[in-house]
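Okay, so here's just one chain, in structure tokens, the form predicted on its own.
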């Protein structure tokens, strides 16, 4: 018998496991093996949030000299002090790895996505790869929290510079940054916040890109504006500080209401589709609160962003940020992003495609290599999620409904997870100590992970087949594939569609591995690999049997996007949402998960939280909420000419590395600056179709 065929102590673990697990040819659940040793390179310098930033007025402010000469002195822009808010966000030089920076230069990105348009808050992708992070500012911020001390961990103030709880803990009053402006010079006020809340989050016909729903901020939560710079949240729970993390990227990043509102169906004759598409990729200089604004788009070629002259953050010497004047995004492939970053023709990449690791390591080891590469913790993981909705979500046909009923059968899910050879899946991506066995749920090596609470079903085809038989599935026609029972879907072969992202080699390789391993089990799995935006739309509409997705931050940090750990609302979960009647058909163990997550949100007691996450991990893994596939580290690749890159930056934790490194503080020393800028000494023009940079 396998060394993994050792049952955990206590009978409770085996309650959901068929008695077949005791048979000689099968293996029992156990705890997962420890990940192979892989020393993460780089350790953060842990600090408090007050060591990173503060809001205050400074005696004087500065900007690039060319902005003053070409735009202020000619009357095209007000002086920089008049463009900044009353109290800008000030970054402290003591927290910058290389201190106060200098102006100039460009960061060149390569991405595999393609922009749909600039209406981010209505669900349009800008192409990913850090574009949306460069354009978006949110009420709070979480990316840089990887370097914040554990005992001071809390969302960072951002567009909301401070907040106060009422005495009873049900109301939270937020004070917005006062006097800040959009990149076109229009004031940022509570009107922008309330339009996002009332007409996008609360409107069931609008789906913000990162899936914000009313339940994201707590069931029954309300929001109102008290004045131009003050808003008030009212929660059902007492002091649910967890929701402050939800107000960061990408679920509470308001768009420019002065442009969006006139296009919304509530205020116009537009349809919702017309509203969503009102700002296509050719619409330039879309107003942003971010450090850069889009000025050029050429299909299948490039997107260029230039510095926002109204950006509301400075360093502690009063220099208006960002230091970098330009961001470029070459529209290629995700694999090409890594290649160009290593070669020096690109400047930045989140190395996340495991197939590229060995070659990237070889190239970066050369002392003359233009880029440096540093691996972090294993914060990249993939899960196969079965569609657990049997209530009509996605309008399944007879076969699809039959598959969903199977997905809701514990023996069937145990069959699938037992048939996954995770070791082989990982080795097919990359050899060496990179990948780790991942049963699903919380990641090994993270704060709330508990090995003893993690139920692992080891790879055993014999065990899997016994579970399949216990689920009522047998090969009745002798073709090697199991059939639906007579009277269900015509008694035909069990066929399952598997949704996945075609943009990434890793995703496609995992699909191939799952298809082959399920065929050995007797299940025909049919891949449905779609480009990113189409795949996202298909998943959000519920039109899938199974889906493979790269996990989000909730399974790493727990405190970020906590509500997504379970179907806590009708449109929260990735794989179990409400049908047309807006109700969920939760299985008993799912309801237990929801209860645990809600208790976690409602308490700030650290010991209680640890205990709750042990319960959560047990419920998730024992009941196979999702079938974990693999877990591995990512690496940051960045050109050596860039300064102010924080030590130990993970490529993904609370957010992606583009946010973690605080790009507005990144600079290139004068003696290392390039001539790569495509539109030097220009700024975003007036918003509109085809409006490019102006000089």
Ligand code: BQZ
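Positions refer to the first chain, counted from 1. Keep in mind it's a predicted model, so treat the numbers as computed, not measured.
Omitted here: the form predicted in complex with ligand BQZ. The next part is about that form.
Peer 1: When the contact criterion is heavy atoms within 4.5 Å, does residue 501 count as touching ligand BQZ in the predicted bound form?
Peer 2: Residue 501: yes, in contact with ligand BQZ in the predicted bound form.
Peer 1: With a 4.5 Å heavy atom cut-off, would you call residue 536 a contact of ligand BQZ in the predicted bound form?
Peer 2: Residue-level check for residue 536: yes, a contact with ligand BQZ.
Peer 1: Are any of the heavy atoms in residue 542 no more than 4.5 Å from a heavy atom of ligand BQZ in the predicted bound form?
Peer 2: So residue 542 does not count as contacting ligand BQZ.
Peer 1: Please run the contact check for residue 195 against ligand BQZ in the predicted bound form: heavy atoms, 4.5 angstroms, yes or no?
Peer 2: Although ligand BQZ is absent here, residue 195 would stay clear of it in the predicted bound form, with no heavy atoms inside 4.5 Å.
Peer 1: Heavy atom within 4.5 Å of ligand BQZ in the predicted bound form: which of 137, 352, 147, 325?
Peer 2: Only one listed residue qualifies here, and that residue is 352.
Peer 1: Give me the residue from 550, 330, 524, 571 that has a heavy atom within 4.5 Å of ligand BQZ in the predicted bound form.
Peer 2: After the contact test, the surviving option is 550.
Peer 1: Give a yes or no on whether every one of 129, 337 and 532 sits within 4.5 angstroms of ligand BQZ in the predicted bound form by heavy atom.
Peer 2: Each of the three qualifies.
Peer 1: Among 563-571, 85-93, 121-129, 415-423, which stretch has residues with heavy atoms no more than 4.5 Å from ligand BQZ in the predicted bound form?
Peer 2: So the stretch in question is 121-129.
Peer 1: Heavy atoms within 4.5 Å of ligand BQZ in the predicted bound form is the criterion; list the residues of 631-664 that meet it.
Peer 2: Those in contact are 656, 658.
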